[in-house]
Ligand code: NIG
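Encoded as structure tokens, the following chain is the form predicted alone, with no partner shown.
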Amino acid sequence: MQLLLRNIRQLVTVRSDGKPFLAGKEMRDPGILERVSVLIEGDTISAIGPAASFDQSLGDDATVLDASTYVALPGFVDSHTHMVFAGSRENEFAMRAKGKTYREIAAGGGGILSTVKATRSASKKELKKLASKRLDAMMKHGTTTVEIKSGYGLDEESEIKMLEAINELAEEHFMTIMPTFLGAHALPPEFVHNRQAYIDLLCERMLPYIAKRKLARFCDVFCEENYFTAQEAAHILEKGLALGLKPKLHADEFKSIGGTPVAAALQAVSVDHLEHVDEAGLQSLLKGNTVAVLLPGVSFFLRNPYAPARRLIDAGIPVAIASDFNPGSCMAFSMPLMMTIACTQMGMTPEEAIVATTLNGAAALGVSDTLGSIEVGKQADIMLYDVPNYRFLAYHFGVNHVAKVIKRGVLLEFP
């Protein structure tokens, strides 16, 4: 099966030239080409060049799409979400509007544990139905690859239920889905006075079972004051790593307590949040290839400080942007919106924001060898936008500019 995207007005390749990510000044060059065509064979990009160069190589059953009015980008890679959940927390949104903080609400019984209660009560079928609708909407807005965490179960039965739902969705939906085990998201109510017993449950029962069934690719921990310490995070991640689960880490969201150096020391695929990363954390990231995943929607939604994107990029640390879509701290999944916030509030350029939401997002999931850019040999995940140029995406915010969705070489149709 062949699909030719003919005479694209502007092609944003985000070419990597074999590198796992772009960093520093490299993020300012997303590889712009004008008036070129892309030939897709099966699910793979087979050639990029002038339209006339493909005339002899097209089969009789090839599909040719006139893309002369479109701007083409790689599908967005959202490397940090919590999108399998039940219930909603608009009441907490109203409480924050009246001045309460996220941590005050959590201390009063809201926050993560509020969603835990609703998610525990929901069946796997219900969770899948809710998530499938969200996946459809995400893809319509340009996202073609998403990481999904567990962490709203916090007991064996519910965490496994969540991971099973995530894996079944990965089999059934067109979206590329990467599952992450986040059993260490918070202490469940039944272990609030015996945290070590819960950590033992995670390490001695849940992690081995999850690894044996291959229910997760990554292990994550919420390393934060009043949640899990840096030492506890290291212990849990080391156990997961020994079982074949690559480490990721929530760190430095509200306070720096040593999580980022733990992530760097374990060569975590990513360390996420970093709103309060300190100099020791920054220096630790300079020594490896851990991707710094920034979540601008969270700071916007909670009115919290923003991660120091400029400082990280200028230091040469690979930076990605993700949505952190979840019911409590960022009820939004639009990656163009995250780009807008990154540009207006974090000092990133539109070019850096595009790299951060595509190639570097794929690097934060360890899949940038096949996803995140439009290059020969890579999977054909391509979005066509009805905009005059690529900078328009972040500039004209609050609007969905997607015109065509191509996933694994298939031109998708949505109702």
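Just count from 1 along the sequence shown to find any residue number. The structure presented is a predicted model; accordingly, all values stated were derived computationally and were not measured.
Below, we refer to the form predicted in complex with this ligand, which is not included among the displayed structures.
- Of the listed stretches (188 to 196, 76 to 84, 277 to 285, 339 to 347), which one has a non-hydrogen atom within 4.5 Å of this ligand in the model of the complex? Going by heavy atoms within 4.5 Å, the stretch is 76 to 84.
- Query: Which listed residue (329, 256, 158, 334) meets the criterion of a heavy atom within 4.5 Å of this ligand in the model of the complex?
  - Reply: Checked against the cut-off, the match is 329.
- Item | Contact residue in the model of the complex, from 89, 235, 246, 141 (heavy atom within 4.5 Å of this ligand) | Checked against the cut-off, the match is 89.
- Query: Given that the partner is absent here, does residue 105 sit within 4.5 Å of this ligand in the model of the complex, heavy atoms only?
  - Reply: Because no heavy atom of residue 105 falls inside 4.5 Å of this ligand in the model of the complex, the answer is no.
- Query: So, in the model of the complex, is residue 181 in contact with this ligand at a 4.5 angstroms heavy atom limit?
  - Reply: Answer no; every heavy atom of residue 181 is more than 4.5 Å from this ligand in the model of the complex.
- Query: Using heavy atoms and a 4.5 Å limit, would one call residue 301 a contact residue for this ligand in the model of the complex?
  - Reply: Taking the distances in the model of the complex, the answer for residue 301 is no, it never comes within 4.5 Å of this ligand.
- Query: Heavy atom to heavy atom, is residue 317 within 4.5 Å of this ligand in the model of the complex?
  - Reply: No, residue 317 sits far enough from this ligand in the model of the complex that none of its heavy atoms falls within 4.5 Å.
- Query: Across 125 to 159, which residues bring a heavy atom to within 4.5 Å of this ligand in the model of the complex?
  - Reply: If the 4.5 Å heavy-atom criterion is applied to this ligand in the model of the complex, 125 to 159 yields only 152.
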